[in-house]
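Below you'll find only one chain, the form predicted on its own, shown as structure tokens.
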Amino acid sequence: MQNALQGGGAKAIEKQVAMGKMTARDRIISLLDTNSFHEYDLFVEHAAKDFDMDKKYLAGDGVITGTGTISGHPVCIFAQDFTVAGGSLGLMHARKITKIMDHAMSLKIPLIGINDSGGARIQEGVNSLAGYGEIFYRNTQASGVIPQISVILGPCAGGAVYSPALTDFVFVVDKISKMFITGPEVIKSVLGEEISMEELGGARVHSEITGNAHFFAESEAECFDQIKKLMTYIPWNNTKKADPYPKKAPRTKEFKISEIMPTDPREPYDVRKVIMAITDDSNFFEIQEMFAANIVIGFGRINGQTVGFVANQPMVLAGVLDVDSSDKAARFIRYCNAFNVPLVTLVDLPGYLPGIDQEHAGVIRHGAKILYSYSEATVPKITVILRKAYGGGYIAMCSRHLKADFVFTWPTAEIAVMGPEGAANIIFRSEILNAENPDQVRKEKIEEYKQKFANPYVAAAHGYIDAVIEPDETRKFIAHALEISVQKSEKSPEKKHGLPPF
């Protein structure tokens, strides 16, 4: 038993620690509640015989599995042990993982996987590939049923990357996490390009550029704190709701909407401060903070209940929707819908981002994802239009037409096919060009367009807006809408599944 508990032995553990990494066992103990971890399959051994494998003892076959609790809630967990054959995945290693995954599904509790592996165990050939396939299948079957969390705390290469990609949330740590399909050496030999592991697939790359990671941390300890915090916002499975917390008022001395919003409607502001002016104790747990920052997503609480926020960020690209922000928002919307988390959408955008690059990158297909996600969502959906909602962006950001339950707007909001300046230049082009004072006429026509089309009362007159509210009333109206929507029940048409614009 002592040999099994020692992993790859003292020298391998020393090397692991020297790299700034915790051991697999220490990681589990640090993440779970004190003395809550119960390990299973400690004595499992590999059955490989080729390449002298029959002479090698691999403790636990390089992975630790078991159950425990986080804040008193049960979870299933596995951690690959890099000190044992580089954490490589063989058949029995995979079977230990799939067994704990099956437990998580049958017990309807979250699954946490700590990845630290050199990849497939080459000596076991196709059995390693079979192991990955079995894991991917279970990731897919568990999707939308139980929360799945992946923690990348070392290399995660080749086929191994697809398991985290299939899970709900991916956590990475600076200078420790590495994810890529093919490593730097393969890229150099095939393409002749030189790049470091960090530049190719480090934590910052996946947090800022690819969007594959949802949470970025400076250390493993910070990463574990992030996971613990996330677990307070989400339910155990798709039949439950997140645990309620005691109600707390926002910290209005620091976050008051009327003081956050600039007087100049063209001046940007941080929409996260608006969210914090709405949430309990002004707490907001942002997701994918570093990726596609023109949209903000994350969890907060209103009157003790978990709420998912989707908000345009005027500080970045004026809050437009583009390829990446559409993907980011759509995935989060679907997560909230799968796990019974109400959605609050804060709207302030000029529409979709124009340009050749976006068109060629498939903004039509990607932009449709956010439309699809909101349309299929059956959880309570509350929308607040803050300043402007133009064109397709107005529709996409959970408008009445995508079956939002409640749509509120501030009195100064502009809702129109396009901005007043552009619209006036098109509609009144001849009058402006033929005027003695074109600039003066242009200003008059812009104001005329605002009065006739761009103010919120026009949309309210058609029933597209439920109430025009003062900014400092926003929390009150959202809280009431959530309260009366708590028993909302809506069924989708009977079908095998829809076809999202993947």
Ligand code: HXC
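One rule holds for the numbers: they count along the sequence shown, beginning at 1. Just so you know, these numbers come straight off a predicted model, no measurement behind them.
As for the form predicted in complex with the named molecule, it is not shown, yet the points below apply to it.
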Partner proximity in the model of the complex: G211 to the named molecule, non-hydrogen atom cutoff 4.5 Å: no
Given that the named molecule is not shown alongside this chain, does G86 nevertheless sit within 4.5 Å of it in the model of the complex, heavy atom to heavy atom? yes
Would M197 sit within 4.5 Å of the named molecule in the model of the complex, counting heavy atoms only? yes
Contact with the named molecule in the model of the complex for G158, defined as at least one heavy atom pair within 4.5 Å: yes or no? yes
Contact segment among 120-128, 265-273, 410-418, 333-341, judged by heavy atoms lying within 4.5 Å of the named molecule in the model of the complex: 120-128
Listed residue that, although the named molecule is not shown, lies within 4.5 Å of it in the model of the complex (heavy atoms), from F406, F180, F291, F309: F180
Interface check vs the named molecule in the model of the complex: of Y372, F285, F255, Y132, the one with a heavy atom inside 4.5 Å is Y132
Thinking of F82, F136 and Y162 as one candidate spot, does the named molecule come within 4.5 Å of a heavy atom in every one of them in the model of the complex? yes
At 4.5 Å, heavy atom to heavy atom, what parts of 9-30 sit next to the named molecule in the model of the complex? List them in sequence order, or say none. K15
